[in-house]
Every structure is written in structure tokens, then in C-alpha cells.
Ligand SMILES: Cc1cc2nc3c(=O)[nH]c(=O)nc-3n(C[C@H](O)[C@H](O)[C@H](O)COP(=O)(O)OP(=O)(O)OC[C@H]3O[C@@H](n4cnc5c(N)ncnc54)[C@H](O)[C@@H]3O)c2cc1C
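Next up: a single chain in C-alpha cells, the form predicted on its own.
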Amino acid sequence: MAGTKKYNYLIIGNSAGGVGCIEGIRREDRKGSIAVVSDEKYHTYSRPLITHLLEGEVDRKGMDFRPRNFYSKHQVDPFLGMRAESMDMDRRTVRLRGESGRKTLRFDRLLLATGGSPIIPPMDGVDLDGVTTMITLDQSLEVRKRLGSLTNAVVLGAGLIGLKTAEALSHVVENVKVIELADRVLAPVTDDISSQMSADAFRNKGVEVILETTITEIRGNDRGRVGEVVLSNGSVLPCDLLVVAIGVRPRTELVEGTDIRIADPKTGGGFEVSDGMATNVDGVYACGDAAYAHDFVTGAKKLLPLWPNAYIGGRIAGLNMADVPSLHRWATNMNSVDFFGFPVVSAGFMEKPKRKNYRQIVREENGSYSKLVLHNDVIKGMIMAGDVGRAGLYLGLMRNKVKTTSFNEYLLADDFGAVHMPEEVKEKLKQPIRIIE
């Protein structure tokens, strides 16, 4: 096609997965042409930091995920502020549209790192000024501009994004409330005890956490902005900022009408990929929040919308795109977060499965909580709350599927460490994960 530039590698998405892919490709291929496309206009930034920007803990430059010379250093053509609108797999083209106009790019190999879009429940008033989600830099910047006029903020959703948003707002807004439909906060990534400890960290700082409740209506004020919210229990809360944070769904609309396989919406609906992050269409890969990954704990494929997993998935895809066979075998639902100085780390199973040969060991004292879930003396899950100093060691044991039989009695001891492990275990833990080198 005349006038249409062709790239050896085209990457749709400029976040963790896209950066991982660029770095994976360039580790092996220094000359192949690369283009990256993003509907956001910004240099690649660290999405988990947008709430820190909101409260002023970091500035805009501190948000950068890679230095400003990243694209030039890696010989990448960035198409920022341009949305990928449609694909033609027969011609291997993607059509873009942005403020600067339209473009069509051709590709040999393609990565879909399209991420997720926020779930917005059907509520009256959801389009009012002052109702927002909190997953992009623009949203954080917009809320930050209005902080001086805000008194009552409400966050709908007590997952990771919702709670980090509530924490940030609590430093700059007088009254902050969290509304959660479930019976506890962080339900997918904690158990009852660690969830309660996390909720207490908020309540101790004056943030009200209201459980088993949701918002049924958003009412505007005489200025056309959100003024109050109505809860399912009948309560009415004053509100001049509502942040909706109940989850995201994979962005797969770009591939509609193509042969690229999408999973059943009942299981998440993301891109189906191999352990090498390849879709069912030759030369097309996917990673991040929109793609499935191999969970090394369960052995199943699942959506794991986590920043580190997106980067690793992108890097694996990049290596395979550059003809270096690589497998993504290190993902699980690992989360590491800190609320008001109270850290929580979890990975794998949060609760002991009701199946044969599973057991758990627990320790709770001095404001800290630790739990390990084991199957035949192999760690399959962990939760650390308050004191997370050995979380990395437990994760290493999980990843390497180490049998802990000979040192089970020391696993949750104060001084547990390498001294308690056989030499062969210590050597195994020293081995690097090749894809991160």
C-alpha cells in the first residue's frame, strides 16, 4: 500500500506490556523497525503511581516509567495520542486516528497490549461532572486540579485501585468514604483477617469504610456537578467527587471481525494466548490486562491484571517476536501494597482449597499476620500483613516448587532464612529468572 509505513514490529499499548516488549525485542534484534501506538498523549508512565501524583507525593516527571530518551534510545517510532481504530489482518494493517489526523501502519508482527477499560455500573447520574474512574494520568491530573474545592469524596469499590485512591484523597480531602458491595475489602487478594487489618488501617485514619452496600443513584447539585449519592441501604451521602473503582474488563474491541480468538466472557473475555503470549493468528501476540497468562500456582490460564505480569508478558512476547523461544511461566495473582504504612503482600491461594493434601499454617502477633498455604509441603499461597520482610523468600520457594518438608517447623519463625534450608534449596533460589536479566 503506497504511503503506508511498514514496521517489523508494531505494538498497540504504551504501558508496562509495551515497554517490556520493546526491551525484549531490542535484547535480540537491534535493527528491526518498531512502532508503538497509544491513545494517551504521554510518554510511558507508571500507572500504579497515579494516586501518588494525586496527593502530590510524586510530580509528573516522577511518573515516568522509563527515561524521556527511551524511544530514541531504542529506535522506536512513537504514535502517541492516536487510537488504533481497526485492523485488517489480510493486509496486516492497523488504522489510527488522533488529533493530528489518520494514519495506517503495516506490520510483520504485532503485540496487543491494549489493557483494560473501567467497569461503570448502570446508575442514574453517572454522567455528571465530578464522577470519574482512576486509571489514567489525565483522570488524576483533572481531579488534582479540583482538590481545593472538594470536601466530600466517595470511592465506590474497595479493591486495590479503590483503596489506593481513597488513601491518596484522605491526605487532601476532608471527608473520604469507601463503599464496597462485598463483606470485606480487598476480597480477591486477602483472607478475612488480613482484610480486616487493612480496613482498620483506613478507619484509624478517619476514612469510613461501608461494606455490603453499593450506590444506586448519583444526584447533581444546582451547578450540574455531583452533589450526593444514594446508597442501597437508603443512606444519602454528600459527595462532590465520586471515583468508580469496581474493576476493569479487557479491551478487545480492536480485533472484532478478525480471527483472533477471544475467551468466553464468563471467564473474563480476554485474548487467548499460548505460554509464549502468541494468539491463534500467526505473528500476533498479546499481553497484560487484556490477555490470559499461565498461573504457575494453579497451572491454569487466567486473567492476571497486574503491572509486573504485564511487563513480563510483554517481554516474553518481544523475545518470541524476535525469534527467541521463551515461555511465560512466572505469573500468579501476586499483590504488594501499602496503606498508611501498613504493608500487605499476597500470592497464590488466599484460602486453603478444600481438596486433599492442602493445609495452612498461620501466625498472628504484635499487629502482624502471616499465612502459608501448602500442598504436599510445597507453598501454594501466602499472605503477609504488617511484617512482609520475608515475602520475597516465600515467593522464591513458591516459584521453584521447593519441598519444605525438612524445614517446615521454621517457616514462620522470626529468624527463618537460608540457614534453615538444605544447600540444594539455597542453590535453586540463587538461579535467576532468565527473562528478567
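Residue indices: 1-based, along the sequence shown. Small disclaimer: the values here were computed from a predicted structure and weren't measured.
Same protein, other form: the form predicted together with this ligand, not shown, and the subject of what follows.
Participant: How about Pro308 - does it come within 4.5 Å of this ligand in the predicted complex, if we only consider non-hydrogen atoms?
Facilitator: Yes, contact at 4.5 Å.
Participant: Using the partner position in the predicted complex, report whether Glu40 sits within 4.5 Å of this ligand, counting heavy atoms only.
Facilitator: Although this ligand is absent here, Glu40 would touch it in the predicted complex, with heavy atoms inside 4.5 Å.
Participant: Check Met134 for me: does it contact this ligand in the predicted complex (non-hydrogen atoms, 4.5 angstroms)?
Facilitator: Output for Met134 is yes: heavy atoms within 4.5 Å of this ligand.
Participant: Taking heavy atoms and a 4.5 Å cut-off, does Arg251 contact this ligand in the predicted complex?
Facilitator: Arg251: yes, in contact with this ligand in the predicted complex.
Participant: Using a 4.5 Å heavy atom cut-off, which of 210-218, 182-190, 230-238, 76-84 contacts this ligand in the predicted complex?
Facilitator: Only one stretch qualifies here: 76-84.
Participant: Exactly one of Gly269, Pro121, Gly116, Gly283 has a non-hydrogen atom within 4.5 Å of this ligand in the predicted complex; which residue is it?
Facilitator: The option sitting close enough to the partner is Gly116.
Participant: Under a 4.5 angstroms heavy atom criterion, identify the one residue in Met197, Val244, Leu160, Val297 near this ligand in the predicted complex.
Facilitator: Selected option: Leu160.
Participant: Determine the residues of 262-289 with a heavy atom within 4.5 Å of this ligand in the predicted complex and present them in sequence order; the list may be empty.
Facilitator: Residues within 4.5 Å: Cys287, Gly288, Asp289.
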